[in-house]
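Before any questions on how it binds or moves, here is one chain, the form predicted on its own, in structure tokens.
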């Protein structure tokens, strides 16, 4: 699993920061979190294929988070995409997508399902689920959690042989399923090691630190959080519905996350050393995102 930051600017782009967009890559699929203006270009720079986007998850309806959607839909149609796509977002996303299609005068070549969501599990598949909750901004905003489900423990071939399990049944055991040999039922726990935890990521931008995000981010491997301002501009952060890096670090510490990456950085900070220093004083394992930053999250064994 890999996270790629395509845009890390707060509100307006700069020479070095594109508008908000982040990719989560997993098993050949791309989940795109927000799509600010210029996201297509960032896909090219990151050597990513837009054809692999299965789902777009929008945090809120401000232009710096949705301005890239029209171009993505039109380009994929010009490239004759046929595979369906889902777009999740708060109230208003459905009307926005309809307006794009009606006013830009192009024909979609693939089905687009637009889903306005509330606080709930919005995707639930065999190996993972995606949950959203309301965060705290000037308008309705959603934070998203991508959570892998636990995986079965490591397969022990010697135990399988000892119990007389033929090789053609080993895959079922590895998938955590019981098998029957004659009149005997073999439970996977007799052959597999301890269950292995899944990886957990939370994406929460354009938000004040709040209880909903704190709860969603509890003990996650990676928290991606709004860190728009240094602590001296706390009043400005409150006024705009954003967080200072210190506030984000305090939330990460309280939530016992393993790693914090701050994004949605104000254009007033071409040098982010101050932001990093302030945050790391509270939560040492903090970094400031930059465009095309790529984070690999290896499979967890324990």
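Computed from a prediction, not measured in an experiment: that's the story for all the values here. Positions refer to the first chain, counted from 1.
What follows is about the form predicted together with another copy of the chain, which we do not show.
Judged against another copy of the chain in the predicted bound form with a 4.5 angstroms heavy atom cut-off, the residues 47, 96 and 104 are in contact without exception.
Contact with another copy of the chain, judged by heavy atoms within 4.5 Å in the predicted bound form, is confined among 113 to 121, 191 to 199, 153 to 161, 88 to 96 to 88 to 96. This chain is displayed alone, yet in the predicted bound form one of 237, 262, 275, 66 has a heavy atom within 4.5 Å of another copy of the chain; that residue is 66. Residue 285 falls outside the set of residues with a heavy atom inside 4.5 Å of another copy of the chain in the predicted bound form. Using a 4.5 angstroms limit between non-hydrogen atoms, residue 145 is distant from another copy of the chain in the predicted bound form. Among residues of the shown chain, residue 61 is one whose heavy atoms approach another copy of the chain to within 4.5 Å in the predicted bound form. Taking non-hydrogen atoms only, residue 55 never approaches another copy of the chain to within 4.5 angstroms in the predicted bound form. Residues of 276 to 299 that come within 4.5 Å of another copy of the chain in the predicted bound form, judged by any heavy atom, do not exist; none qualify.
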